[in-house]
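Okay, so here's just one chain, in structure tokens, the form predicted on its own.
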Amino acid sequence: MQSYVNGEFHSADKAKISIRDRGFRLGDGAFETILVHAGMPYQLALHMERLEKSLKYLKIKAGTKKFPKIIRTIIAKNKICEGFVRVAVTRGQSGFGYSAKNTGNPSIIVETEKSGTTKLKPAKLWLSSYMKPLPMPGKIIGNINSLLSRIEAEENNCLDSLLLDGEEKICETSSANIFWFLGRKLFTPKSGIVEGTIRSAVIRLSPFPVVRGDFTLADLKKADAVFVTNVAWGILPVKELQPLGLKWKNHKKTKILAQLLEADIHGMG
């Protein structure tokens, strides 16, 4: 497998960044993970738009115009038919402290991974003890609360954790957006989230009225069905939320959305 690091392609086991890189030292950077189907990146423009917002938020000056070409090149080099591309941008190298003065050029790393063959079963979620921090415009490298909440979920034999904000409003899981059905309506949080690209696709494709708002666990308890979304899982039904003991069944409406998303991916909508 080839990886792209700062203008050059290297085999993955020989690709290197400096120990002075602020992404390594401080988590100072942003990233995107892009679904690849039939050798093509899905919703690439949406990913690039979100990455631009993340870099602007972080005040990292790194244009993304060249990224689509790099992404398509590395997909071809690594013969990725079904899989993912991960693009990471850090502020570059600097000294020990937080100061961003005298920082070098941004570091750009692009790598790929082929899809696994294991199909996930409906998921168990854990209600995280970690609070969702202030919302970010995109995927920020140093997201320690998401990392710790995922570890907490795995320690409790769950796939992922559900995070709430300081007002106990539902946000998202450590790595996915959350939706639920109540009657014919589809509900999803609007604040305290990263607006995922698969979330955007679900909202765009949904034949059911979508309600975006601020919700609490009391709203989730009423749900007929729950699912989570990200580029790796697509639409993944949720069967329970522990330790609350809430349980749901996979609903036909969820299956309809999953079929619409699959068709959109195949048609590169």
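Treat the numbers as computed from the prediction; the structure is a model and nothing was measured. When you see a residue number, it is the position in the sequence shown, counting from 1.
Form predicted together with a further copy of the same chain: not shown, discussed below.
*Asks:* In terms of non-hydrogen atoms within 4.5 angstroms, which of the given stretches 195-203, 115-123, 177-185, 133-141 touches a further copy of the same chain in the predicted complex?
*Replies:* Partner-contacting stretch among the options: 133-141.
*Asks:* Hey, in the predicted complex, does Phe31 get a heavy atom within 4.5 angstroms of a further copy of the same chain?
*Replies:* It does: once a further copy of the same chain is placed as it appears in the predicted complex, Phe31 has a heavy atom within 4.5 Å of it.
*Asks:* Residue-level question: is Pro68 within 4.5 Å of a further copy of the same chain in the predicted complex, judged on heavy atoms?
*Replies:* Taking the distances in the predicted complex, the answer for Pro68 is no, it never comes within 4.5 Å of a further copy of the same chain.
*Asks:* Might Phe24 be said to contact a further copy of the same chain in the predicted complex, defining contact as any heavy atom within 4.5 Å?
*Replies:* Output for Phe24 is yes: heavy atoms within 4.5 Å of a further copy of the same chain.
*Asks:* Can Ser18 be called a contact residue for a further copy of the same chain in the predicted complex at 4.5 Å between heavy atoms?
*Replies:* So Ser18 counts as contacting a further copy of the same chain.
*Asks:* Out of 133-156, which residues reach within 4.5 Å of a further copy of the same chain in the predicted complex, heavy atoms considered?
*Replies:* Contacts from 133-156: Leu134, Met136, Ile140, Ile141, Gly142, Asn143, Ile144, Asn145, Ser146, Leu147, Leu148, Arg150, Ile151, Glu152, Glu154, Glu155.
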